[in-house]
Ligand code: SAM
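The chain below stands alone, shown as structure tokens; this is the form predicted on its own.
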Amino acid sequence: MLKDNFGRRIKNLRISVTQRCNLDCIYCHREGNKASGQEIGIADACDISSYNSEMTTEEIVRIVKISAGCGISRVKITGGEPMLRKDIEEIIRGISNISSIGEVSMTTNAAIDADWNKLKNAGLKRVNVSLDTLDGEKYAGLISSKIPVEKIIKNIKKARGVFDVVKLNMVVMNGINENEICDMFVFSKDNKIILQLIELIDSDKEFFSKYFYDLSGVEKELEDRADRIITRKFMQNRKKYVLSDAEVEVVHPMHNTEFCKNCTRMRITSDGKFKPCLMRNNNLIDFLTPMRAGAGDEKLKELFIEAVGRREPYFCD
């Protein structure tokens, strides 16, 4: 299994299959690519011609297979909004058919009606749904769309009827939704969903300074109440708090040396670049250009290994 220069094993692959999105949430960092100069407005979200550098299904499956040969065993499909890909079922099937890939999961905003059974049959194991509020008026203020929150809630419940594991990703923001944590906890508990509370990422300094909410106090309360605490070794050693009737995870991505120290993830952008770190845009490696120029698997493997060599902690002791 590959290790970077800091001894961190590379186990997970987070692959953005599109930059397009049908919601355009106010805090979204587009998997660290929002400042790449390839912004897609909400009006263009469903128009593939507005973003013609997306990888094809075959290219996605090929690069995952090469990554799997280097030790990757788990893949998270992300966006933008991955459900905007008309070939998402084929993408999932192609990745899940790679023998050494043990789990394929997906992050979605659940704003598109999906045939969850088809996606499960294609090989999708679990789903993370992004939802920051249950309040319809507040939800409308967080997105650039007229999609009602009731539709998201309905689709979350449908997904839970198909998958054993559904997570609800709540980005907690000061003055916006920090007073809804309890409501979201009850909703998750009632629907047997894992609640994941996420601190804001500093992709916009002005926005971050205004809306960042420190979850340390919430985590201390969970620690006191938990029947069991699980350390997720695949996921930056973050903690999962198992209560008698619910499960909650807390993610502290910012100014967290523990988060970086235990990162086992490599990222891939929708336009075919290895991205060693969410927070950096100065060390990416383009593999799509050589792939389309006829590069063989060995050359692409060399590029993956080079990308691993460029990994370094963003927050250091």
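Note that residue numbering begins at 1 and tracks the sequence as displayed. Being a predicted model, the structure only gives us computed values, none of them experimental.
Beyond what is shown, the protein has a form predicted together with this ligand; the following relates to that form.
Within 4.5 Å of this ligand in the predicted bound form, a heavy atom is found for none of Thr133, Asn177 and Glu247. A heavy atom within 4.5 Å of this ligand in the predicted bound form is found for exactly one of Ile198, Ala226, Ile153, Ile181: Ile198. Only one of Cys28, Ala68, Ile60, Cys260 lies close to this ligand in the predicted bound form, with a heavy atom inside 4.5 Å, and it is Cys28. Contact check for Val218: no non-hydrogen atom falls within 4.5 Å of this ligand in the predicted bound form.
Among heavy atoms of Gly123, none comes within 4.5 Å of this ligand in the predicted bound form. By the criterion of a heavy atom within 4.5 Å, Ser145 is excluded from the residues contacting this ligand in the predicted bound form. At a distance threshold of 4.5 angstroms between non-hydrogen atoms, Ser203 is in contact with this ligand in the predicted bound form. Stretch 168-176 is the contacting one of 96-104, 186-194, 168-176, 115-123, since its residues have non-hydrogen atoms within 4.5 Å of this ligand in the predicted bound form. Applying a 4.5 Å heavy atom cutoff to this ligand in the predicted bound form picks out no residue from 291-317.
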